[in-house]
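Only one chain is included here, represented as structure tokens and corresponding to the form predicted alone.
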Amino acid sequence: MELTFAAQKQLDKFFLDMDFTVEGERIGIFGPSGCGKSTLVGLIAGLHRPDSGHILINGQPVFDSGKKVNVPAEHRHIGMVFQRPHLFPHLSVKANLLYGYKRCERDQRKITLKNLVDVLQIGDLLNRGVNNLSGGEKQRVAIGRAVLSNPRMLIMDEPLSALDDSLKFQIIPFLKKSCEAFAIPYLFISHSLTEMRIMAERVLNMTDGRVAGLMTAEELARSLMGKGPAPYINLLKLKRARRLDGMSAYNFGDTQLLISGDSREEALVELPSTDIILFKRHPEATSARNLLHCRVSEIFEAGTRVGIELACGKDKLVAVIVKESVQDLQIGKGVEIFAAIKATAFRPLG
């Protein structure tokens, strides 16, 4: 998907003025509350009309003030998932799902109800009323309704912000699986860096109605290091768990990671960069259950500290240390180093 946006919109005292082109199947729009994210996607979807400029999707104009083009929202073939599910309370789950499908041209119905139900695992919900659903179930149905409209693009505007963490990380796999299974490109809007790193590849960073940058999700995370009190967080996708010494052991690089807590076949965990302790030589003893032999692959500034990217076999970690420690440990690119991590430092997501 290619999205070109060069347009302006005045809303009371807020002025949005953006000019960018972004390509990709998983595009994120990131920025703090009030920066104009929802205004931007409303203009793209046709929910609002720009004052001037043009918007193109895959080279086709959906708005052009100079050529007097303004394709109505219902003809832009864009599915929407909002913060709130906005399901029709008088309709069953099945009827909600089919709402957009029935309004889709027959020759565009490439996604069927059966296919969708299998992917979202909602077969047991079809005959229920939406008022009898949990928050997570409602959001899955909202995702399904948008996908079943067979859109050429899906816009997800803060779809997880109304959910608590346990529900949020249950919904994320369904979001990703739906779009991947049916090859639907999407715009994912959020002010959560963690959500952005999980859901997006390319990210448009916004501030005060302007483009602050266009980068990968990892570049965004590193650009924010040292700009706030929260440390950089490593996001690790781990597989093949087994129980070992009362902990969960996951494959990582050429070794394994021991993590406190229950075992899962696959796990997504957070590891703060400040919880990785570096040693120049193999320590004689440490209370940390994880001691990794790594090689420094990159060194970069992180505010008043320094980020150290560690290559641990095929996998990578980022540790953050003070500048004095870089000199004390004689850290340089290519240097071998040992990283100690407590089993309790990891936080499972979901």
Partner chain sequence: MPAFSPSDYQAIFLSVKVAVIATLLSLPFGFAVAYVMTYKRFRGRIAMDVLVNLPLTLPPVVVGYLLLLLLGQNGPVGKWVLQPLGIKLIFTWKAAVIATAVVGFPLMVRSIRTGMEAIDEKLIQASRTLGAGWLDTIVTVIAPLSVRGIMAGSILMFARGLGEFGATIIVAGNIPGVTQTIPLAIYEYVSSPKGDVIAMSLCLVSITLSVIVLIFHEWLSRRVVRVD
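It should be emphasised that the depicted structure is a prediction, and the values quoted were computed from it without experimental measurement. Residue numbers count along the first chain shown, from 1.
One more form of this protein, predicted together with its partner chain, exists but is not displayed; see below.
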message: Is it true that Lys94, Asp107 and Leu116, all three, sit within 4.5 Å of its partner chain in the predicted complex, judged by heavy atoms?
response: no
- prompt: Just one of Leu126, Leu167, Ala181, Ala73 has a heavy atom within 4.5 Å of its partner chain in the predicted complex. Which one?
  reply: Ala73
- request: Could you spot which one of Lys239, Arg103, Arg242, Lys227 gets a heavy atom to within 4.5 Å of its partner chain in the predicted complex?
  value: Arg103
task: Find out whether any non-hydrogen atom of Thr112 is located within 4.5 angstroms of its partner chain in the predicted complex, and reply yes or no.
output: no
query: Is the gap between His86 and its partner chain in the predicted complex 4.5 Å or less for some heavy atom pair?
result: yes
message: So in the predicted complex, is its partner chain close enough to Ile78 to count as touching (4.5 Å, heavy atoms)?
response: yes
query: Just to confirm, Ala146 within 4.5 Å of its partner chain in the predicted complex by heavy atoms?
result: yes
task: Within 4.5 Å of its partner chain in the predicted complex, counting heavy atoms only, one of 216 to 224, 230 to 238, 167 to 175, 138 to 146 shows up; tell me which.
output: 138 to 146
query: Heavy atom within 4.5 Å of its partner chain in the predicted complex: which residues of 222 to 258 qualify?
result: none
